[in-house]
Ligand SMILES: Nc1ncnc2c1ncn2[C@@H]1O[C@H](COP(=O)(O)OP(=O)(O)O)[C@@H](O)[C@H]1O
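First, one chain by itself: the form predicted on its own, in structure tokens.
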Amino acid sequence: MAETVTSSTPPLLASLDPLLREWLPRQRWFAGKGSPVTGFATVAETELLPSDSRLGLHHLLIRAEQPPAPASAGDCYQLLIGTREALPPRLAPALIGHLTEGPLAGRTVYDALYDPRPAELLLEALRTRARIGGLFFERAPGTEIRDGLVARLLTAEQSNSSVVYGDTFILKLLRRVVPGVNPDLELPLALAREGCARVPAPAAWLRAELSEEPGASYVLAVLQPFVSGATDGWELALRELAKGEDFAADARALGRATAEVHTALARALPTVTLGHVQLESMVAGMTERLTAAAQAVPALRPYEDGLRSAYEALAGLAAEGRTWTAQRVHGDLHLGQCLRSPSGEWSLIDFEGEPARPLAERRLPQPPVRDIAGMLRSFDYAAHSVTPSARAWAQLCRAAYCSGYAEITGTDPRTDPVLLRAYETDKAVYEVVYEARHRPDWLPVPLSAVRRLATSDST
């Protein structure tokens, strides 16, 4: 098993280039939609199974070059490329293409995560703490991973890829990767040390260390216990809403779960006080994002002044000497990031934060209300996705969630309306841009919130 890292394009990537230019932009997790891929650069290439065997397997870290960014600034993606003479019908959805030249000419290449055999190879490497080239398969002390667990890929659209092993573990393979400490591993490990049962503790993980980037480490995948029989909060909320059922009890319980995670994170990792200088910088960032969003999405422009008033109100409190405590938070909390077990217990998952934001920003301490605002927006999304007239349902959920949060922390987020409005506004602005780019049919959902938040009375 050999690894090569080179600044020139190696033969394998050169032969894959035309196929990847077509295939990569079609993937849900590809972040560069709307701009053509002009080329690729190899960050690392590791052969996991020999190319001349019936099933070949290559682990690739590649940088996608897209204008106007220079090649060195392109996003880095993790690919697990399988090669066969021909694909069986069950692997048809995984097809990338057929190679006509290069070292694998005549073979078919595909996304190997669809194939149980390569996926099970990853689990075996984690179980045995293997090292293959620059890939380090690591396991948490005291964690047992038995062999023989059957792999199956979860095909739901998401920003990464997930494989379940025998309803025992779930492996989240990060697709767009950056060097540094990834919060999707960092925060669950910290919560495990605190004994917080609301977040599945990491059982194992995969890292890459590259010879041409001394000291740089990439977190590539995280293995956690699989909550068998669990339903994610989004599916559950839509189901209950469609039946006309009250979701308030679940929303309250979810508020308590969120508060337990926040209090554990505050114990595990440092907190900071945000004063005038820090708040001024934070408000400036919110304002810049609003300005850029209004330029990108014309439908937002009529509300720009009203939305900016939410940030100005927060800046006014900071100027008067008001301070807030900031800590590590989830960073991208919504109903789809929450699981309810058959026993009714809620768990929080996916601590990566908003993938579009820089890693350093995602690891900054934030007021806990950032997570709360994300969940409140999620209740609105659920309501509007079923019927635009379900505003009362969303209001009940929002109130119940905040009440549940207060039961644990002693502080109701609604008692700080200026801060809550600013963060909910920032989230809604982000949603407007996202929907305009990726799901235009959903744009009315965040615009409905924008109309509400643009007034000072945004409850």
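Predicted model, so just to flag it, every value in this text is computed and none were measured. Start at 1 with the first residue shown and count on from there.
One more form of this protein, predicted in complex with this ligand, exists but is not displayed; see below.
Distance criterion of 4.5 Å from any heavy atom to this ligand in the predicted bound form singles out N160 from the list Q327, T287, N160, S217.
Site annotation in the predicted bound form: the residue of A266, L339, A190, A294 reaching within 4.5 Å of this ligand with a heavy atom is L339. For this ligand in the predicted bound form, the listed stretch (126-134, 301-309, 331-339, 83-91) containing residues with heavy atoms inside 4.5 Å is 331-339. Within 4.5 Å of some heavy atom of this ligand in the predicted bound form lies at least one heavy atom of L154. Of the heavy atoms in Q366, none are within 4.5 Å of this ligand in the predicted bound form.
Although the partner is absent from this view, K172 contacts this ligand in the predicted bound form, with a non-hydrogen atom inside 4.5 angstroms.
Contact check for F226: a heavy atom falls within 4.5 Å of this ligand in the predicted bound form. Within 4.5 angstroms of this ligand in the predicted bound form, the stretch 352-370 places a non-hydrogen atom from E352 alone.
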